[in-house]
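We begin with a single chain expressed as structure tokens, specifically the form predicted on its own.
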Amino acid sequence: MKAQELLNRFHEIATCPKAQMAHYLDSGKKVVLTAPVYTPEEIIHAMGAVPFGVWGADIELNESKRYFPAFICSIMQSLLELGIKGTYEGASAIVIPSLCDSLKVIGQNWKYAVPSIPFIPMTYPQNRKPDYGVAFTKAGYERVIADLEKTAGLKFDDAALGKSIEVYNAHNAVMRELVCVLANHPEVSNAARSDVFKSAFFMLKEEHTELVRELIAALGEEESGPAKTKIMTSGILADAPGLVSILDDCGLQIVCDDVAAESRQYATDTPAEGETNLDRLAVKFKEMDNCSVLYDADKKRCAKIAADAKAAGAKGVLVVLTKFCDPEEFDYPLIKKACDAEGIPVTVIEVDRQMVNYEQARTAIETFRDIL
């Protein structure tokens, strides 16, 4: 297929996740919902179910307000709102990690608000680097496995996990390659780029890998479009249509990112060796870095953002700050300091899942473009 046909396919999947979920259910597969961030999808995949990403949606919040205060992450609020409205009915379970304060409380609310879909916690350690941290992570994975066996009727096999790890490592590699390829194809809109990343949450990774490989090959056969002003984005989530369309309108091109729902997902592979495949997966979490929800006393992530922007030729860094996301808010002053030291302009816009008007963001982005 031509590149545009493939991009249309990614857009269809990214904008119609409910249809994609129904497709898997109708084919006889079990679906397990995976909340952000870093839910151990490899385990779910190895147990024969479809890991299905749930990051909420840009919707008006009503029912979820009975469970949360107004000053909590709208990703979590919209996730619960969709659950209450029955959007995820048919799923066998939801696995929710515990990497921020909002994630730590949504599970208990989910149990009461959406009793038809069992809640399975994944408790990660803050001190993930020492041996005891790795052991703690492995124990968390073992609990997830036991809960999936009990609630969803799935079976775990360590050899099957080894095969799933290969699938996920291959997907990580192709997504990293895609970022580099898209950087050289400014004719691919930021909206289309977002669709490719977003669709990955709603597909079996082997299926998504194949489509991305086809896209890379198709782009290699086409000439690049006219140059645009290159930028880097950073944040938890940056997929709102109203936002990415403004970036396209302003002639800006995302050439690399530090977004939790995008490139951060694919930065770390599971290592090749370990006593068991489950041990290998626990070591993967140990080796993960450069994320606001992962403990890092030295905040090496901030310097890495500046270095990555410089290496990619980005003229500036746009921080897309999810409202009430404390980990991201704490990091922003340090990100700005690191970028200032490298002479890279940086600006921040605040977004919320309930936003319907992005004109204030448009003004900020237009001003940012004019100074680049």
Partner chain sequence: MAETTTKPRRNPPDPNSAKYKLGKIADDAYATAREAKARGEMIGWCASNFPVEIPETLGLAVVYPENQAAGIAARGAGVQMCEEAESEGYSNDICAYARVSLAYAKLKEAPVEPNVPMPDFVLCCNNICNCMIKWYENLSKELGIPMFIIDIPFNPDYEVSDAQIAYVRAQFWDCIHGLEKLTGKKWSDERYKEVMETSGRTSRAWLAATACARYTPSPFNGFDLLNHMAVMVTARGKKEAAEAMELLLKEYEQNHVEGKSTFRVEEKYRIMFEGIACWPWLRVTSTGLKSRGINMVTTIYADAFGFIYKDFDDMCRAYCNVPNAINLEHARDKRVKLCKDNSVEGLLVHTNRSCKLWSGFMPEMSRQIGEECGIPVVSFDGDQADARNFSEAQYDTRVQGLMEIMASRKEA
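Since we're looking at a predicted model, the values are computed, not measured. Numbering follows the first chain given and starts at 1.
The following text describes the form predicted in complex with the partner chain, which does not appear among the structures shown.
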Looking at 40-48, 305-313, 63-71, 25-33, which one sits within 4.5 Å of the partner chain in the predicted complex if you count heavy atoms only?
63-71
All of L178, K228 and S245 within 4.5 Å of the partner chain in the predicted complex, heavy atom check:
no
4.5 angstroms heavy atom contact with the partner chain in the predicted complex for E329
yes
Decide whether S292 counts as a contact residue for the partner chain in the predicted complex under a heavy atom distance cut-off of 4.5 Å.
yes
Using heavy atoms and a 4.5 Å limit, would one call V212 a contact residue for the partner chain in the predicted complex?
no
Can you check whether A173 is within 4.5 Å of the partner chain in the predicted complex, heavy atom basis?
no
State the residue from E222, D101, E206, D158 whose non-hydrogen atoms include one within 4.5 Å of the partner chain in the predicted complex.
D101
Quick check on this chain: which one of N127, S116, N184, T276 has a heavy atom within 4.5 Å of the partner chain in the predicted complex?
N127
Where, within 276-307, is there a heavy atom within 4.5 Å of the partner chain in the predicted complex? Residue list please.
S292, L294, Y295, D296, A297, D298, K299
